[in-house]
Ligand code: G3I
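Just one chain is shown here, as structure tokens, and it is the form predicted alone.
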């Protein structure tokens, strides 16, 4: 292991979770106009003060809320509401009987640095690219997985590409803590980045995060999305429009750097309906988002928006002809499956994106909007992405679209989430049943859906609930972690992430959201360290072994990029 001796002891101390007496709050800070809450142990006191971090002078005092029980952690807590404090500065919360809180700041664009780091994490996760020291600093590394010699697996064989055929499928992002690439998970991840730009273009136009392509006329968020879009395009069989489900080794690589793989050849594996429909949706979205940059898309990207739209429609046609090809790992493949037997939501999402990008009413009819519910997005449940896009483009939609239905779908889900937030002792929209694998991303995807409704009707409760869900991820949670590597007073030091484990750098690659607490503890038998609790909100382990609570993933980082940008924009003017 790379962390040893005194360094290990120090890092363990710094990154250890908070105890029950700790005040839990967002460890980064807030915009001046944002709602500002902290969770305080119920037994500590009945009042609070906000003091200056540099001298202890009191700037605000108030009464704590009534004690309430939060079932996911079996805690009884009170809330401190200091939303009225808007003066920029650095502060702490003071409550008798509890240690001073972590320092937090108040200021405009409170999440600009975090947002850039969360986006830059994708650059540091590029496959088929060296990361030079000039851009990667201590996280520089050699090129890994060029994927210029990928084999067609038996499950993916076709007349034009029989088993063992060699294709090139370069670029893309490593999916999570492993080194494989999966179309289904790339779908929601890439879409969410494209939506972030589409909804907040000025914010991202002004952003430079240090990419090889920075300054080429495209915003960096689109440059980064394009790296993965190029890979996704290579996963479509040009002969029939079908899309391979994943590009993978037969088994996971060991915890080594990407230029030192341990698991043999790479394969494209089986075409699937889910992959085709996710691909179709993302390419339709990308075609319209990149269309204004046609002039900048030279060389290999000349005419790309039109090619993407054609690829989208070809994948749609394949899926229509193969409506129920459910992916299952072949017997000789043991990497991530991303299997999904319910394909209605993928079809609804692809239909919506194609309708928006082509204007063809037949695609809106294929969505069956009147019987399509809204839901919080996840890789396996993507119908919510359809409603996000329809709401964004509502003014430009043709007469076939039911605008009242679109607004109703967005608002009804947000109202449900806001109700959960309002009734929560921790003031979050997460319910006990939401503490599943990737619970931190559940919180942020809930925030993203709340923000869609706020953008439609500016109901303040929706904005405040979204802020609270980000606060949860950044420290207002039962274990007291800011769950993004490199940010906050206590952040994960030992994520389940191969480059962070193997690069010889003490601190993990920054900007990654880890999965978060959930009671399944699927890795319990493999972890030498013990989980602190079996309660859902306390079941978190900052250990490399914990793939069930401490892994990173591209689909979890995407709503972090979206939500931090949205809150920077919506809680104050961009600067």
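Numbering follows the first chain given and starts at 1. It should be emphasised that the depicted structure is a prediction, and the values quoted were computed from it without experimental measurement.
Missing here is the form predicted in complex with this ligand; even so, the following discussion is about that form.
Among residues of the shown chain, residue 81 is not one whose heavy atoms approach this ligand to within 4.5 Å in the predicted complex. For the chain shown alone, residue 227 is not a contact residue for this ligand in the predicted complex, no non-hydrogen atom being within 4.5 angstroms.
This ligand is not drawn, but in the predicted complex it has a heavy atom within 4.5 Å of residue 175. This ligand in the predicted complex is approached by residue 553, whose closest heavy atom lies within 4.5 angstroms of it. Contact annotation: of the candidates 305, 486, 480, 336, the single residue with a non-hydrogen atom within 4.5 angstroms of this ligand in the predicted complex is 336.
Distance criterion of 4.5 Å from any heavy atom to this ligand in the predicted complex singles out 436 from the list 140, 436, 415, 151. Residue heavy atoms within 4.5 Å of this ligand in the predicted complex occur in exactly one stretch of 29-37, 48-56, 545-553, 63-71, and that stretch is 545-553.
In the predicted complex, every residue of the candidate spot (182, 379 and 522) has a heavy atom lying within 4.5 Å of this ligand.
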